[in-house]
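In the form predicted alone, a lone chain appears below as structure tokens.
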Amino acid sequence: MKITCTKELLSHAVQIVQKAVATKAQMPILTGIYMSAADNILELQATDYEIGVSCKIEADIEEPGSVVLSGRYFQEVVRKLPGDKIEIASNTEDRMIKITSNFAQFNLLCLPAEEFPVLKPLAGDTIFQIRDNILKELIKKTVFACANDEARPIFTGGLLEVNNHDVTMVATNTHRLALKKDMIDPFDGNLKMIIPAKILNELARVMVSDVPSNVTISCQRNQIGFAFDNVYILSRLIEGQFPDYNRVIPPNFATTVTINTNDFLDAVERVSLLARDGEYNVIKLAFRNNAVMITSNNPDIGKAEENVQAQIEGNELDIAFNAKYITDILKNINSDQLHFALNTPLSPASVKPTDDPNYTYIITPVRTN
């Protein structure tokens, strides 16, 4: 193999695939980045069997071929090379790859390319398209609510539901739930799948085009593939039954509070400074007299309180929450104002932007003495 390409394109491609490089692999080949060159296209691939990523870039190809290089060292070398052009050439006799740029030269030992499990796009029957800006928004607004506890894998992913032209993404860790809806081009049928949060976050990270473009999603048994621009991402789905999230959302509320989002976020962040060392990171909210009083009390450190103006309709009440669960949603509301809706000090509350009926966040309060 002998190719020349720009450092910018190669560096970008390596950055995209490197998240799928296995760090502690039982099979050494999975710690590598696979490169295949033909027809003036250089394709890079990496997989740890949970996620597989492929990225194609343009290159001048003198001799086609394929090689596998250490993901860790190849990434560092490409990033630090001095020139704008990079030449990569393989020597079959000593299994070395020569990487040259300006006056710098690296010789890296390569792994046997024939052992790499090359990614093949899914030939699934189920295929639909969604705009990348819509998919990115669905992910950003929900996936932060996923659980990190691998003991309950069903909650470590986001549920993606497609029903004709409606698309919904839901994430929960059983203490909070985030739900976002949008529209796609009509798709004939209904789909439900649980996609690992790690994959969804990775997708959001690499979807960076300025002009909205389509992401083609294909499903086959327990796998899902995402194709957009010059990137293909393949992932396993989480198997199991996602709970009926509609049962978690209260049908109505006794109290509705309208608050300025940024004022509320700033106050919660300040008051929760003293709550962080506490066991549950608890802040208390008292809704009365058209204001919300936010307090935290840490016996080892001290107390904090702050008032934020609010418009309250309905009953006055006191309630306590995990401060992180409040700040997470406030950082994801783009609206100037939000509705905080409540029933009792021990029943789930709802947080919604005032101008987006398709975004809902449900949060369970914390019991306090």
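As the structure is a prediction and not an experimental result, all values here were calculated from the model. Start at 1 with the first residue shown and count on from there.
Missing here is the form predicted together with another copy of the chain; even so, the following discussion is about that form.
Of the candidate stretches 172 to 180, 70 to 78, 206 to 214, 125 to 133, only 70 to 78 has residues with heavy atoms within 4.5 Å of another copy of the chain in the model of the complex. Of the residues given (Ala291, Ala254, Ile249, Leu109), Leu109 alone sits with a heavy atom within 4.5 Å of another copy of the chain in the model of the complex. Of the residues Ala104, Ile154, Val118, Leu191, just one reaches another copy of the chain in the model of the complex with a heavy atom at 4.5 Å or closer; this is Ala104.
Annotated contacts: Met96, Glu269 and Leu274 all touch another copy of the chain in the model of the complex [non-hydrogen atom within 4.5 angstroms]. Under a 4.5 angstroms non-hydrogen atom cutoff, another copy of the chain in the model of the complex has Asp300 among its neighbouring residues.
Contact annotation for Pro82: at least one heavy atom lies within 4.5 Å of another copy of the chain in the model of the complex.
Another copy of the chain in the model of the complex is not approached by Thr344, whose heavy atoms all lie more than 4.5 angstroms from it. The closest heavy atom approach of Asn307 to another copy of the chain in the model of the complex falls within 4.5 Å.
If you take 203 to 239 and check each residue for a heavy atom within 4.5 Å of another copy of the chain in the model of the complex, you get nothing at all.
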